[in-house]
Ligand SMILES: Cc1cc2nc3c(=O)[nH]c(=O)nc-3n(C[C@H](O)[C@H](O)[C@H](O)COP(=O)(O)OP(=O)(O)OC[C@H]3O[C@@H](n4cnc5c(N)ncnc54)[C@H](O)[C@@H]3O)c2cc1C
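Taking the form predicted on its own, here's one chain by itself in structure tokens.
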């Protein structure tokens, strides 16, 4: 029997595993991952940004976690020789209306304790010579990293600490039994004292296996595809660092932006288009997953609120010219031929039954189980803070039972 089973070997599952080991050093821990390797989905299909927390409402979990996380993630990278760079982030206003909204981000940043600088259009060009915008903010605490490398270091450390990894072990069923929880995969079964669900795109499905009424009635993960184009190497000089938009209060996603990766490649994206399956990187359709999305009342309520923006995002996903126009609002010199290879990530966005996109991190508890069912951006940055939050919940749950 294992003391703990972690479902999911993405960055949140791995960080949670490390926090569990630190809190319960004598525990027997197994990580169950349905893929053949760690960090197969969201943890390796993202923009690789160490976020500062400026976008989030001061006092919210996201704001508090991100503020601490920009330091804890940097400290982990330094301690474990993970290549990273604190380069700062530009948030730019592309018209006069966005200039007005820039003040909200500035106030958020200052109230959260960030060293935010207001910039004129000329000062923006001091950071990004090819940008043509009306003004901006500079947030020096932001940085870049490859989160797959972070995960690799976590796996190495966890193995050295005696954690067992079982790949190609997709959890198919959970059974509540006296004194433990039965966890069943296609090939094996496990008796565990506590299960921690960090299954990302499938976190709600794992919660449903336990019959959690809150998961069944109130929440559901809906997959959104984000496409990234890479600039040709000969044109990568057009972007020096991170160029981000001012948030639009009428739309829950951030929109296309420009960013230099730790590899020194430059990416344009992502957009945020409804996807027809949870792992459909090639836009494939899984009929049962699509049917589940369409059957959820919250999806239709969300669609009713954002259908115009949703149609535009889907169009941009299929139309390279539309993607180019989004990029040219920051850097007009980018041309169609500059957009080279394209790849995609799929984000797990949890919707409420009322059609609201859950903004903060959401955890449910069941019999000998804790389920992380909503962990949107900046979850990778905040992985150690979210892990600590989960382990606190685990400790309370164990004390109560």
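Numbering follows the first chain given and starts at 1. Remember, it's a predicted structure, so these values are computed and weren't measured experimentally.
Beyond what is shown, the protein has a form predicted in complex with the ligand; the following relates to that form.
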| query | finding |
| --- | --- |
| Contact stretch among 57 to 65, 333 to 341, 37 to 45, 363 to 371 - heavy atom within 4.5 Å of the ligand in the model of the complex | 37 to 45 |
| Contact assignment for the ligand in the model of the complex, among 239, 268, 194, 171, heavy atom within 4.5 Å | 171 |
| Any non-hydrogen atom of residue 394 within 4.5 angstroms of the ligand in the model of the complex | no |
| Touches the ligand in the model of the complex: residue 200 (any heavy atom, 4.5 Å) | yes |
| 4.5 Å heavy atom contact, residue 351 and the ligand in the model of the complex | no |
| Residue 7 within 4.5 Å of the ligand in the model of the complex, heavy atoms | yes |
| Check all three, 12, 32 and 228, heavy atom within 4.5 Å of the ligand in the model of the complex | yes |
